[in-house]
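Coming up is one lone chain in structure tokens, specifically the form predicted on its own.
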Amino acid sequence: MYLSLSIRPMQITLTEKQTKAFDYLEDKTTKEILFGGSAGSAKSFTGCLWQLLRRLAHPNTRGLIGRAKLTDLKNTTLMTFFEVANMLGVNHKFKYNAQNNRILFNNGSIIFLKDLFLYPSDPEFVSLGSMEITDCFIDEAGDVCEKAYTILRTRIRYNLINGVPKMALGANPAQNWLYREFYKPFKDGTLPNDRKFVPSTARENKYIPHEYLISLDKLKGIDRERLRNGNWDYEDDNTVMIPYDAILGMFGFEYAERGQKYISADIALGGADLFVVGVWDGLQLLDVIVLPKCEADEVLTVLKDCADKHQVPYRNIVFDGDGVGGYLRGFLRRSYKFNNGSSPIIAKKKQSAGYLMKKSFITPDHANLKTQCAYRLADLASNGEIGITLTNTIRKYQDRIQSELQQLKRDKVDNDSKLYIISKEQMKENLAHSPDFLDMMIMRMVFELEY
């Protein structure tokens, strides 16, 4: 079934999937819809058309079109918006103010063009706090962090159409908060009634140029699964150490083995890195303390206060001994000073006999201590043995923690003598920030090696 929308002098015929998306976008039940799938499935076109038609039909309403970077929004999404307006012959009904990043309609309606990137200077998206909008469309939502999505939801309250706040999301498959909040519940049949997911592929878009389909056919591996097939359950390369479903399963899981209390700390005194402290009960991560910047004397105070509060013995504290963390050794003499590049631990092997036997030793084949702990983390996480309690702080950083865990990958897989993981520098390049939470979790594993 196809829906035709006509505003002289031209008519636009929507595909079946676009029609389904529009039904949800205009009903009185749905509040959020993810229109997601392969490249070329008309996600941007659909979102721009919806925003344009709403502003024309409803005077004095406010829409928002957002994307991770404003430059990308102007160079791509905005061009699609102008294309749609030209097809409908309505260019004369609005004016674009490039300086203020607004589209002003003759009937008093407005569309804000918004940068939704997570800038270190505005981690709470204060820039969105004063906005009041009627509805919004986030293009390439997979590039936008969950925090921006969460804050933006609270701003949809101005002159609501039919009394319902509406948010449209367009995205290619991504194993992040979109997968967790929309695709997985959709697949499991647990998606809330006010949320909808409409999967779509380029081959369902009869208006896509044939040459574009040919270019998609030439893709290989993950790119082919994501961008050609629109597969949200795409398998990453064989270097990934923790399956994505296992990563998701850690959050909210409260049944990990408990016992002794531990603290693991990735120390940073400034710059872009975070000072991250994890509090553990056995293999259950109870909470994290996160400080963007911290003076040297504050580090010791935070660790001691945390140990006192949670009754963690100093011998069960591990901290980053490389770089700025090295100075703590003099103050926390009983704690574990973790040096990433040091030799792996030679673990004592206990004999399963009814009497004490001579201790034999296992010589590990890991490149260094950090690699050894990383592999231990991957084993425990993949087997569902690590739990992460969903405190307010962990919820705030959940998307980042998940992204960092996805960066735990094998390296030099053809090396037959040693096991490696990709370098921290490579992780930083992939993430665009330091893997501070991952480092904190890796260090915790040192206590799982000494047996």
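Everything numeric here is computed off the predicted structure, so don't read it as measured data. In case it trips you up, residue 1 is the first one in the sequence shown, and so on.
Missing here is the form predicted in complex with a small molecule; even so, the following discussion is about that form.
Engineer: Each of E146, Y179 and L248 having a non-hydrogen atom within 4.5 Å of the small molecule in the predicted bound form: is that the case here?
Structural biologist: The answer is no; none of E146, Y179 and L248 reaches the small molecule.
Engineer: Identify, from the list N368, S335, T134, N205, the residue with a heavy atom within 4.5 Å of the small molecule in the predicted bound form.
Structural biologist: Among N368, S335, T134, N205, a heavy atom within 4.5 Å of the small molecule in the predicted bound form occurs only for N205.
Engineer: Could you check which residue among I33, I421, A42, I386 gets a heavy atom within 4.5 Å of the small molecule in the predicted bound form?
Structural biologist: None of the other options qualify; the answer is A42.
Engineer: Where, among 117-125, 157-165, 83-91, 99-107, do residues come within 4.5 Å of the small molecule in the predicted bound form by heavy atom distance?
Structural biologist: Selected stretch: 83-91.
Engineer: Answer yes if any heavy atom of M427 is within 4.5 Å of a heavy atom of the small molecule in the predicted bound form; otherwise answer no.
Structural biologist: Looking in the predicted bound form, residue contacts with the small molecule do not include M427, since no heavy atom lies within 4.5 Å.
Engineer: Might L14 be said to contact the small molecule in the predicted bound form, defining contact as any heavy atom within 4.5 Å?
Structural biologist: Result yes; L14 sits at the interface with the small molecule in the predicted bound form.
Engineer: Mark D273 yes when one of its heavy atoms lies within 4.5 Å of a heavy atom of the small molecule in the predicted bound form, and no otherwise.
Structural biologist: The answer is no: D273 has no heavy atom within 4.5 Å of the small molecule.
Engineer: Looking in the predicted bound form, any heavy atom of E225 within 4.5 Å of the small molecule?
Structural biologist: So E225 does not count as contacting the small molecule.
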